[in-house]
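Single chain ahead, by itself, as C-alpha cells, in the form predicted alone.
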C-alpha cells in the first residue's frame, strides 16, 4: 500500500508539474506552485525527483518523449502501406500525425507548449529534444521526400525544405485555435482536413516552385 501511495504521489507531481511548465515555462514555475497544485510537500518532490531541474527533465523523459515517439510512429505507420509514397502522401501523413494523430487535445496542447518553451529558452532537455526527436523525424522526412525532390537539389536545400514543411505543420498545430477564430470555423474536424490539404498544396507548390507532384 505504501509503494502504491508513493507512486500515486509521484505521478500526481509529474502531472501538475507538466501542466505548469507547459503553461508558464520552466523558469517561471516554482516548486511551491508545483507542490500546491499536487497537494504534497517539498519533501515529496525531493524524495521522488531531487529538485525542480530533475523534475523538469523527468517530465520530458516520461511524458514528452514518449508522446513524440507516438507521433513519429504514427507518421511512419501511415506510409507503410505505400511502396513508393508520393511527396503529397508524405506531407499529408506528417500533417495528420500532428494535427489528428495519436494525441488527445490536452496532450497535444501540453506537448506543443513544452517544446515551444524549450526552443525559446533551452535547458538540459534541449539535447534530448534534438537528438531523440527532431533529428530522427527530420531524417525520416528527408528520406521519404528525397525521391520526389528535383534531382539537382543539394543536401542543404533538402534539409531546409524538410524544416520548412515541419515548421508549418508545427505552427498550424499550435495556432489552430487562432486560425479557427479568424476563419470563423465551427466544425473542428472539417478545419483539420482543410488545414492538412492546404499544408500539402502549399508545401509542394510553394517550397519547390511547383516542381513536385502532389499525388492527387
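Note that the structure is a prediction, hence the values are computed from the model and not measured. Note that the rigid core is defined as the largest set of C-alphas that superpose within 1.5 Å between two forms. Residue numbers count along the first chain shown, from 1.
Beyond the structure shown, there is the form predicted in complex with another copy of the chain, which is absent from this document and is the topic of what follows.
Visitor: Within 4.5 Å, heavy atoms only: does residue 12 come near another copy of the chain in the model of the complex?
Guide: Residue 12 lies outside the contact set for another copy of the chain.
Visitor: Do residue 120 and another copy of the chain come within 4.5 Å of each other in the model of the complex, heavy atoms counted?
Guide: Heavy-atom contact with another copy of the chain at 4.5 Å: present for residue 120.
Visitor: Could you tell me if residue 171 has a non-hydrogen atom within 4.5 Å of another copy of the chain in the model of the complex?
Guide: Yes, residue 171 lies within 4.5 Å of another copy of the chain in the model of the complex.
Visitor: Tell me, yes or no, whether residue 43 is in contact with another copy of the chain in the model of the complex, where a contact means a heavy atom of each within 4.5 Å.
Guide: No, residue 43 stays farther than 4.5 Å from another copy of the chain in the model of the complex.
Visitor: Heavy atoms within 4.5 Å of another copy of the chain in the model of the complex: which stretch among 43-51, 59-67, 153-161, 30-38?
Guide: Every other range fails; the passing one is 153-161.
Visitor: Residue by residue through 96-112, which ones have a non-hydrogen atom no more than 4.5 angstroms from another copy of the chain in the model of the complex?
Guide: Residues within 4.5 Å: none in this stretch.
Visitor: Comparing between this form and the one not shown on the rigid core, is the C-alpha shift at residue 22 2 Å or larger?
Guide: Superposed on the core, residue 22 moves its C-alpha less than 2 Å between this form and the one not shown.
Visitor: Answer with closer or farther for the CA-CA spacing of residue 173 and residue 24 in the model of the complex compared to the shown form; it moves by 3 Å or more.
Guide: Between the C-alphas of residue 24 and residue 173, the gap narrows in the model of the complex (3 Å or more compared with this form).
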